[in-house]
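This document opens with one chain alone, in structure tokens, the form predicted on its own.
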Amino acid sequence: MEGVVPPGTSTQSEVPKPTKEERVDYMNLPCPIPYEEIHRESFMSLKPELFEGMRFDFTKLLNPNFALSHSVYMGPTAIPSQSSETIKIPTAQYEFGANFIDPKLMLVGRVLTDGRLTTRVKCDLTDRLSIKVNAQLTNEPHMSHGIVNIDYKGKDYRTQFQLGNGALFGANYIQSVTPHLSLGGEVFWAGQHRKSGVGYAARYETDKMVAAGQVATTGMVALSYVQKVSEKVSLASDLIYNYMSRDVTASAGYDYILRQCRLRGKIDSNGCASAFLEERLNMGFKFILSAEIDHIRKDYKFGFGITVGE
């Protein structure tokens, strides 16, 4: 009877041990994402590249670093009008592109039949310092523009300096304050338009959700929230409010990733609903469907496309 424990008593092993709280190492916080990408998850889910008409994209890989691309688009283009109904004219254009991608250098160029030339350059000078250049040249006067970004990636922070035509100057900074929360701010000056502004941003991220908020003295307030239901399903919502013009738009949508397709859809407070489907039929062959319905403006858009190559 030595091993028998009397009723109402408990052994020492049954006494629950107090759990130790996880201590945060504030000297080893993760590096946050860039300031301009704090709404990245909601943007990917709620704002796919919708189009109307037919689109065909072909990419030919010449070697591991260099590729050529061809794009054909045929469909209507909306033009400004004073009436509530949307006026569209049929258009067609061809785009030729060249891409060079290296671990420390990326060169992307596009030229269209209407005379527009766009280019992107990204060069990693070191593991922490990089330079990005975006430019567009057009035949229309005063429509060409260019901007240079200098990015520095610290251990637990990021900072960026911007310089563009029209006397555009800007800078932003974002810092991780906890393993899940990052805070940042920005300043900019547009000398050509005599406008300046200051903005603040916050982002909270876990394995299951991402919440971000942004406010600026220009009147813009942007809030977004993404809930990761599973590895394949995400629900997203956002709110954009301009307290200068009193315009507000809210939207909610979903992002469903299957084995061979991705389906995204949303509906906003203006009554506009949209859906975007990408179906991978074979290796290097993708079929795309795009649809958008706006009953208030009586604007209905439908498009389909084919993408060949990666």
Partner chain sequence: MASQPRRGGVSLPERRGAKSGENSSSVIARLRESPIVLRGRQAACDAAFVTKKLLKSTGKAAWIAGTTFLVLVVPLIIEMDREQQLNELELQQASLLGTPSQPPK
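Residue numbers count along the first chain shown, from 1. In this text the structure is predicted, and so the values were computed from the model without any measurement.
Another form exists, predicted together with its partner chain; not displayed. Remarks below refer to it.
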**OP:** Using the partner position in the predicted bound form, report whether Glu279 sits within 4.5 Å of its partner chain, counting heavy atoms only.
**Re:** yes
**OP:** Verify the contact flag for His295: yes if a non-hydrogen atom of it lies within 4.5 Å of a non-hydrogen atom of its partner chain in the predicted bound form, no if not.
**Re:** yes
Original post:
Gly265: heavy atom within 4.5 Å of its partner chain in the predicted bound form?
Top reply: yes
Subject >> Lys155 within 4.5 Å of its partner chain in the predicted bound form, heavy atoms >> reply: no
**OP:** Could you spot which one of Ala250, Cys261, Met54, Leu50 gets a heavy atom to within 4.5 Å of its partner chain in the predicted bound form?
**Re:** Cys261
**OP:** Check each of Tyr256, Phe66, Phe43, Tyr241 and return the one that places a heavy atom within 4.5 angstroms of its partner chain in the predicted bound form.
**Re:** Tyr256
**OP:** Kindly indicate whether Ile79, Lys88 and Met143 are, all three, within 4.5 angstroms of its partner chain in the predicted bound form, using heavy atoms.
**Re:** no
Original post:
Hey, of 242-250, 58-66, 26-34, 268-276, which bit sits against its partner chain in the predicted bound form at 4.5 Å between non-hydrogen atoms?
Top reply: 268-276
